[in-house]
Ligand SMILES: Cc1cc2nc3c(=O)[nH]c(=O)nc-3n(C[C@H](O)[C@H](O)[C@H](O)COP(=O)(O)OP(=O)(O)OC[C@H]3O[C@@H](n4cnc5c(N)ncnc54)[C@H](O)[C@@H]3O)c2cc1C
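Read the single chain below, which is given as structure tokens and is the form predicted on its own.
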Amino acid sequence: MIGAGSTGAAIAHDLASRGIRTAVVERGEPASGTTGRNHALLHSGGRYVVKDPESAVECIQENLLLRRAAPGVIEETGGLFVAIDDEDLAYREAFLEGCRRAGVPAEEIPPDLARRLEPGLTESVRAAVRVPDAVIDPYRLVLSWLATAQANGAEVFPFTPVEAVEVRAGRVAHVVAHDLVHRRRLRLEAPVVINAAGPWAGRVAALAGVEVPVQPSAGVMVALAARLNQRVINRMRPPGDGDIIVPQRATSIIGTTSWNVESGDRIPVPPDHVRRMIEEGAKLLPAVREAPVLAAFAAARPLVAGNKESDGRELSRGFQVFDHGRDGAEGFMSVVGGKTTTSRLMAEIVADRVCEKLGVQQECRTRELALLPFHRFRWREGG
């Protein structure tokens, strides 16, 4: 397994729970890439019910499963979608119908009740819908997945970037990685190698001499040094800039802009993007204008490549699994797309395919398994 973000960690957990010997290499610490820089939303699916209904269905199903599997890393805040102008109101019927079709529980409530629930909301609220959004701690979720995988025999190598993926006679043979902690090279032989490197998946695939259609799409988020809302607050419109404010511990996180980048490394944080987040966020919560900014940061979403002229908004938040056997690298697989909310589902699909390749007949167990607490993760010490 290459990558210990939410996707790689979830796959390691699934494979190990089926009794398959698993090793994970990660170039930094777990969740140090895209996963550790998202706005911590456990999606209800509401953001996708109109334009990406398949992703919406996946989100609500996995939302409910994760609440049972890892309650210690989830704050069940609930969420609100609010309309504040005529354009938002025009979207309301499509939104409610989309929720109904996708199975996302949605309750329309009076605007005055929405303001009682969230006193900081703008007085311009004209319609409001409650959905089961929640807030997740992505870092602790990843550690919980990895801790449970370790308990089932998996090995995890943080700070161990991959240097080579060896392919011989059309089949993957081994991975060479540099253990930066112990200053040694690791040669890991495996009949199956999974590339779960997120926005860096293309770079890893190139090491095996294959291509994978990943389009990194960057987004700026702004963390305020105050918790202005108790629920996730979404603008009732198609996803756009500054249309969501997520409460995370003692902060509120406004997200997000979107534009295509070449890789997930050294993403700039344009000042005008920060200003836009503040301006748009203040339309929902006026106190945003006065709240001090704690941090502004960016992450790259690993979207399945589509229209290169798109800013990323039009690309699906779904995921794809690529079997590179047809490309001359049997046993090498890449998984691209998705999100932290759907990582368990992505892992189940990938693990099913791995079992097929290995001739192993083991059913997925992660729908029922509770995860170990994050503090049970064991950082490797010694040789």
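Since the model is a prediction, treat every value here as computed from it, not as a measurement. All residue numbers are counted from 1 along the displayed sequence.
Another form, the form predicted together with the named molecule, is not on view; read the next lines as being about it.
- The shortest heavy atom separation between H324 and the named molecule in the model of the complex exceeds 4.5 Å.
- Contact annotation for H273: none of its heavy atoms lies within 4.5 Å of the named molecule in the model of the complex.
- Taking the partner from the other structure, the named molecule in the model of the complex has no heavy atom within 4.5 Å of any heavy atom of M333.
- L41 belongs to the set of residues with a heavy atom inside 4.5 Å of the named molecule in the model of the complex.
- Here the chain stands alone, but in the model of the complex its contact with the named molecule, taken as any heavy atom within 4.5 Å, falls in 30-38 among 49-57, 354-362, 30-38, 324-332.
- Using a 4.5 Å cut-off to the named molecule in the model of the complex, each of I2, T7 and T340 places a heavy atom inside that distance.
- For the options T148, S217, N234, N229, the residue carrying a heavy atom within 4.5 angstroms of the named molecule in the model of the complex is S217.
- Residue in contact with the named molecule in the model of the complex (any heavy atom within 4.5 Å), chosen from I245, V222, V193, A196: A196.
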